[in-house]
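Below you'll find only one chain, the form predicted alone, shown as structure tokens.
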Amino acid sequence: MPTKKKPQVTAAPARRRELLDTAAEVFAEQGYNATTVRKIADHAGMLAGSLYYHFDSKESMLEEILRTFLDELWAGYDTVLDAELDPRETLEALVTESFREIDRHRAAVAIYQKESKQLVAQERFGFLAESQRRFEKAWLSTLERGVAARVFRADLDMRLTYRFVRDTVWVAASWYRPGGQHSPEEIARQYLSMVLDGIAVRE
């Protein structure tokens, strides 16, 4: 006799967030392919079957984790980009917002860094490719505006500069831990101090 599929129920928002946070930590630590629903359930202190009452698959959990992170990231980025700041101020604000997102969604950032290349091949994760295109456009246009305004050096390859800034910011998810000695704003300030000495026009 076929097994009856358990009806899916909507968890209370706080509980749902807790389960997704647990799943994110397991995905980040063990990798998406190596993570099973049972492993997530074990870390959440529940039976695997009980987890299916809230989510129909590990794919749906991962999708919600990444969409939540990117929605919040772009809400912050769009606020910065709509503020009509000068290029240096825009770069500083984008970097600061990035470190704030690492503070809020460290595990999701780590997953994004490790898994996005393979995930974009799946239709349900197509939104990752669109986000990557928007990300590149936002950062490159900011750097190019800075060159045009003569606040960033024109002798640097902007695409290479963009990749350097992108990778050195987001790799922080591998070592940053919320509640540590430095706030995300302080880390951003020190990071910018180092980077801008390299790309700002010398007086």
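Start at 1 with the first residue shown and count on from there. What you see is a predicted model; the values in this text were computed from it and never measured.
Just so you know, the form predicted together with the DNA exists too; it's not on screen, but the next bit is about it.
**Student:** If we take heavy atoms and a 4.5 Å cut-off, which stretch out of 46-54, 150-158, 164-172, 64-72 is in contact with the DNA in the predicted bound form?
**Tutor:** Looking at the other structure, the answer is 46-54.
**Student:** Please determine whether residue 141 contacts the DNA in the predicted bound form, using a 4.5 Å cut-off between heavy atoms.
**Tutor:** Taking the distances in the predicted bound form, the answer for residue 141 is no, it never comes within 4.5 Å of the DNA.
**Student:** Would residue 134 count as a contact of the DNA in the predicted bound form, using a 4.5 angstroms cut-off between non-hydrogen atoms?
**Tutor:** It does not: once the DNA is placed as it appears in the predicted bound form, residue 134 has no heavy atom within 4.5 Å of it.
**Student:** How about residue 30 - does it come within 4.5 Å of the DNA in the predicted bound form, if we only consider non-hydrogen atoms?
**Tutor:** No - in the predicted bound form, heavy atoms of residue 30 and the DNA never come within 4.5 Å of each other.
**Student:** Determine whether any heavy atom of residue 38 comes within 4.5 Å of a heavy atom of the DNA in the predicted bound form, and answer yes or no.
**Tutor:** Yes.
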